[in-house]
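Below sits a lone chain in structure tokens, taken as the form predicted on its own.
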């Protein structure tokens, strides 16, 4: 049995929940949101969809956080979304307040659960939640960027996306870096192909903002990709994914993505297998993350006092 709680039933929360459930990764789901009736009506939508597919899943939509109990995994997408022109980091203070509240309430009813952070800025929210909950927390990290990178390379080189391998690491968002030592096409190093690396990196960093500008949000890409993380944990698939796991840096727990084995247990990280240049980029990402994170924590402290 795999019991998964979904905290937040907005567009991305709905997409993740649906994608995870139809993948066969979830036996029982609790969907929570603070908006009256929203999770309940979404539950009805899911039941209608599952009826035509013949899917047997216990699902409950609720406005009571007390109903989120006994979960194996808790997926947190609750929080303010990014709007056109915004950086993910602009959301820190508002969403950190939400994470602090959830950190006080969720662990007591969900002992031993794995927490998967989705709310932005996702890596920093994972760090905030773990700081205040003391519970093992992972971030969806750069798995979304990884798939964006693979899809773009496949399109540019006109090859099936299944023939493209490789990962993006660092902090989720504008500071993510393509780990070029991992990138292969048809099992050959990407250097054998006529590919503009700067164009690939720019696409990975800029396409989310462009999608948000035109469509209003990124949903199907991240929702489906994050559901695959849930599936790999739930079914013990041991897939290598670029998620952010907790690391201690200067006495603080921070989350920065690197290729990691994702299964019933999380790890090991494959960071040591990267070449020197890619490891340098990850170390630089950790340093930058730490400096910005500490400054944001100061802003949060000031906001709480105000």
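Positions refer to the first chain, counted from 1. Computed from a prediction, not measured in an experiment: that's the story for all the values here.
The protein also exists as the form predicted in complex with a further copy of the same chain; that form is not presented, and the subsequent description refers to it.
Student: Does at least one non-hydrogen atom of residue 251 fall within 4.5 angstroms of a further copy of the same chain in the predicted bound form?
Tutor: No, residue 251 is distant from the partner.
Student: Does at least one non-hydrogen atom of residue 18 fall within 4.5 angstroms of a further copy of the same chain in the predicted bound form?
Tutor: Contact check for residue 18: yes, within 4.5 Å of a further copy of the same chain in the predicted bound form.
Student: Closest heavy atom of residue 211 to a further copy of the same chain in the predicted bound form, within 4.5 Å or not?
Tutor: Close contact exists here: in the predicted bound form, residue 211 approaches a further copy of the same chain to within 4.5 Å, heavy atoms only.
Student: Is residue 163 close to a further copy of the same chain in the predicted bound form, meaning a heavy atom pair under 4.5 Å apart or at it?
Tutor: Output for residue 163 is yes: heavy atoms within 4.5 Å of a further copy of the same chain.
Student: Based on heavy atom distances of at most 4.5 Å to a further copy of the same chain in the predicted bound form, which listed stretch, 181-189, 194-202, 119-127, 97-105, is the contact stretch?
Tutor: Looking at the partner contacts, the answer comes out as 181-189.
Student: Does every residue of 139, 296 and 301 put a non-hydrogen atom within 4.5 angstroms of a further copy of the same chain in the predicted bound form?
Tutor: No.
Student: Heavy atoms within 4.5 Å of a further copy of the same chain in the predicted bound form is the criterion; list the residues of 32-49 that meet it.
Tutor: 36, 37, 38, 41, 42, 43, 44, 45, 47, 48, 49 sit within 4.5 Å of the partner.
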